[in-house]
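Below you will find one chain, with nothing else, as structure tokens; this is the form predicted alone, and questions on how it binds or moves follow later.
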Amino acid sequence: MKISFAKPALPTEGALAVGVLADRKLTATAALIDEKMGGALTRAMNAGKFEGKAEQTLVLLAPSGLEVARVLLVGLGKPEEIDAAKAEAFGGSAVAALMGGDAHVTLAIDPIEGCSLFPAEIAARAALGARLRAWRFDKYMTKEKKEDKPALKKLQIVLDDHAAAKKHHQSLDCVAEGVLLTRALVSEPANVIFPESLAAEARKLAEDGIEIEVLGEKQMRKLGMGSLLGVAQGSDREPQLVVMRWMGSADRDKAPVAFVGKGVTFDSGGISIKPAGGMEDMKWDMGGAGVVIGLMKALAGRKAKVNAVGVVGLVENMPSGTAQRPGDVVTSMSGQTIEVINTDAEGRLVLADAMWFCQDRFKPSFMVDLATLTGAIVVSLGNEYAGLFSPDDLLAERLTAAGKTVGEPLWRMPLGDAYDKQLKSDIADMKNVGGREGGSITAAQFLKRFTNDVPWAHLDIAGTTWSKKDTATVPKGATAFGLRLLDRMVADHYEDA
């Protein structure tokens, strides 16, 4: 779908989408259309119980007095409540309602009294929302019927200050590129995306100016990464550790910000094998790594003035004659020993070495890890919030604020010695699991032991990486949750002035 910005003009083809505020208050373009149609918009709203609530839509076919095939009303809600997320939902809702029937859609943006956003920002955000919602993963659909395919080819957004909207959209579109890359990687099946092939995808970021380094099994073994390698030993696929560096600060010696991703490209559970039902979903157990790869692309694309490091540990967790067994003891890169009680608690073992490597080599100003780590966080928070764990109040506050701004909400969970004690082992420095109670918390406590007191936060995105339903800006499937909030936090607090 091609997105463009232009001066206001009524279209002569396709569909026209206009905004309506709460209590059926028409925006300027909607009022003009209503007049041309002899009040048909007002009558349709009354008949269809359309009130102008945010994301509400109403389609009018073959409108009299206009040359377009359809007019779409999109609810904006109360003017004072229109923020960046609602502006994105405006564009996403319009595309979702029209993408199946019209090749050309025009979206009209008007000044809104009482709204804190300028029309140019609303337009840019609407374009972002439209692009995110229009994405679909269909590369393996060879017999899809024409009527089931999206017809939408061009979205034109019209407003007076179209040049400012286009300029503002440029950086947002770079973030969209990162989001769509992440969604594509996470959507791929495990026979296509495995450690070596995912590392190959990461290598392509060199074209964006990112420095790439890939460590194989021999290099990791030399570094003492027994924790990560123990997970990988049951698979025929060689594990990989990918290091990505974007040096965007004017001071190349400035401590980088760091992001670490869990990249289990398929998680069978290993010897502690998972039930068969739903195991196909475990192709997206590399969601954290996917976010880190996409985030690095986004930062490089918009030329972020920051030094950033992304580290992803890539393994496949499989049962075989060489697989790690419950009861095995492994030695991590940090020198700490781990008794493996459950081989399905593998993500933390991968992150243990990846995080230690990251802080030891790069001495970052902070480190955030992302992982589809525990089913326990889904039990706690469902699919709406990701779990945030951090002993650092400032970092936690910044992450939470960024998530609220972009519509990727976080809920801060506790940490504490009482949880940490559950990890005590009789024969090693720690076990890789605690009891059933507080499973997501004890997992975070485990990770904390590999931070070496670097400011750190853990995002458990197990409930938010994959959506089972369509939303205004996220179609069913891979979400790339976490990417936009981390990009927002970096932009707000960590880039050069």
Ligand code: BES
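Predicted, not measured: the structure shown is a model, and the values here were computed from it. Just count from 1 along the sequence shown to find any residue number.
As for the form predicted together with the named molecule, it is not shown, yet the points below apply to it.
Looking at Phe90, you'd find every heavy atom of it more than 4.5 angstroms from the named molecule in the predicted complex. The named molecule is not drawn, but in the predicted complex it has no heavy atom within 4.5 Å of Gly114. Contact annotation for Trp284: at least one heavy atom lies within 4.5 Å of the named molecule in the predicted complex. The named molecule in the predicted complex is not approached by Pro189, whose heavy atoms all lie more than 4.5 angstroms from it. Annotated contact segment (heavy atom within 4.5 Å of the named molecule in the predicted complex): 375-383, selected among 197-205, 328-336, 375-383, 355-363. Among the residues Leu447, Val433, Val68, Ala472, the one placing a heavy atom within 4.5 Å of the named molecule in the predicted complex is Val433. A heavy atom within 4.5 Å of the named molecule in the predicted complex is found for one listed residue only; from Ala323, Ile193, Ala345, Ala84, this is Ala345.
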